[in-house]
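Here we start with a single chain on its own, the form predicted on its own, put down as structure tokens.
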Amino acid sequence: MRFTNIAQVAGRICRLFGAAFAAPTLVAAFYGEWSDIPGFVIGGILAGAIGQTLLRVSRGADDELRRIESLSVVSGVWMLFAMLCSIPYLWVGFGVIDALFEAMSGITATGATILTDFESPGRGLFFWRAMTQWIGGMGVIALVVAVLPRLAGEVRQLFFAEAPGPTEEKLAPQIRKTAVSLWRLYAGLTAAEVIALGLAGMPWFDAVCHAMTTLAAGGFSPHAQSIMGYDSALIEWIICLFMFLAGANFALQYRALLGRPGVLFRDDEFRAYAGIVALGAGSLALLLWAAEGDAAPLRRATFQVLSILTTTGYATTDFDLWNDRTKLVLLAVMFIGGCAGSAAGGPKVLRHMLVGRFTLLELRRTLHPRGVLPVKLGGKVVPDEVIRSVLVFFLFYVLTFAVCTAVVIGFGADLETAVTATTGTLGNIGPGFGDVGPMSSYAGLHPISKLTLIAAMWIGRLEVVTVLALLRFEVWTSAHWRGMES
């Protein structure tokens, strides 16, 4: 493997990321939280130093990357950034594992937290939690490609190695224009939500934090009771709207804003996504009304279904106290996720659609063995290699889920906690049931369980196969690379 090429690109990305630490430093200074500032300064300096060192050792290398090298850069950068993001947490007194857990949860936009004391941390740290999710929600590489023109022309595969979902959605012939367009939409929606939440009565600092974590489908909140703590129907409906947008394909939304709104409703995945939201919210509302006589079942159900489906992870109620039938609805949508090309995590609606259509066609083939029955999506035939990649994804997703759940159970967690903790981290959702419910945290889990779930968040954000592909021994041998170059 050409490590100098990998170091060259990673160095550019890391050096740029160091500038991100300036924002929470300014916020901490504005609120007079001087004791927290050194953590951000150290993180920024260290990120810049690592980036510069990588550039020095890779001097003379070019930016052109093969696919496996792109996967290596993406995987390595996300892990390195989680370590760098943990420095401010270490500075204020978090343990090493807890700091890495919170940082990985932030940069992967998971929202699982070990934080139990929401009074001690300063606003600079809460802003940092939200900002890491905002950066991670759209994608670190997408931001870098948008900012660094030279890098954009050489690392097309790097951009798509990070992009969620089985398709490569293009907006412009040049990859940098695509990244810039997506970030403009992302930033514009974030600003719109800040204004809407502020006008609805949420404190402006909280509005900024929630807007960043909503559009990132992250779910970190500066309030100990999440959205429930604001007790406002208007705020909940505003967040519902932006969670729905965060879980939809940003490329389609961009086209709709350019004057082609029909593109959304002609898209098979978007229609399925909207249908899942309607079905999930409707069925959950009926169950809440029948079982608990909920005064606002539709609002509460819509919020929680969107929060879990889009992997945002907010809560307007302690749904861990609901009965098993209502919790089953949330458990089902945990395994679906949002649309491909969105900020949402999880397996994605599109993959479920492809597997469902492939399964139905296989059943038809038993009756018509000689028939030509291709899988179609949007009127187009889906290539066999896409179907294979989707099936492989689900295979490894289930295997990873089983292994992580077994480890968490092995280190003392009950079945409900272990299953939903793994689902919540591997799917980048955040809260689960039991000891990791919406009004609880992951703080009580065994350190080995936390390390396992840190790995699950990383694997889930990189969509499983990316990481597993790098674990193959031959990928790292010189003989393998000589064979590919010949």
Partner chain sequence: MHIIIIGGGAIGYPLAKALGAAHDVFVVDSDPLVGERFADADVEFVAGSGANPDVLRRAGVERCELLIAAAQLDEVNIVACALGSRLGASKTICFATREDLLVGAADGLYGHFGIDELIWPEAELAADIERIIMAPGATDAEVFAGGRIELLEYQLDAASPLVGPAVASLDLPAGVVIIAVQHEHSTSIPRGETRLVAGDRVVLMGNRDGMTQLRALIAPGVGDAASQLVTIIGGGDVGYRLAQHLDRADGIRLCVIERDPARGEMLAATLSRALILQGDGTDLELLESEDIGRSDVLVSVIDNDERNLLASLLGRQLGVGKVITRVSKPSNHRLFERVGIDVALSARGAAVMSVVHQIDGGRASLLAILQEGQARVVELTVPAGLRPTAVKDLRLPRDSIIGTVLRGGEVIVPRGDHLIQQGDTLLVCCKDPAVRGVRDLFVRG
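Positions refer to the first chain, counted from 1. Note that the coordinates shown come from a computational prediction; the quantities given were computed from them, not determined experimentally.
The protein also exists as the form predicted in complex with the partner chain; that form is not presented, and the subsequent description refers to it.
Considering the partner chain in the predicted bound form, the lone stretch of 409-417, 242-250, 362-370, 200-208 in range is 362-370 [heavy atom distance within 4.5 Å]. The contact residue chosen from Arg388, Arg266, Arg260, Lys376 relative to the partner chain in the predicted bound form is Lys376, the criterion being a non-hydrogen atom within 4.5 angstroms. Note on the partner interface in the predicted bound form: the residue among Val96, Val381, Ala278, Leu395 having a heavy atom within 4.5 angstroms of the partner chain is Val381.
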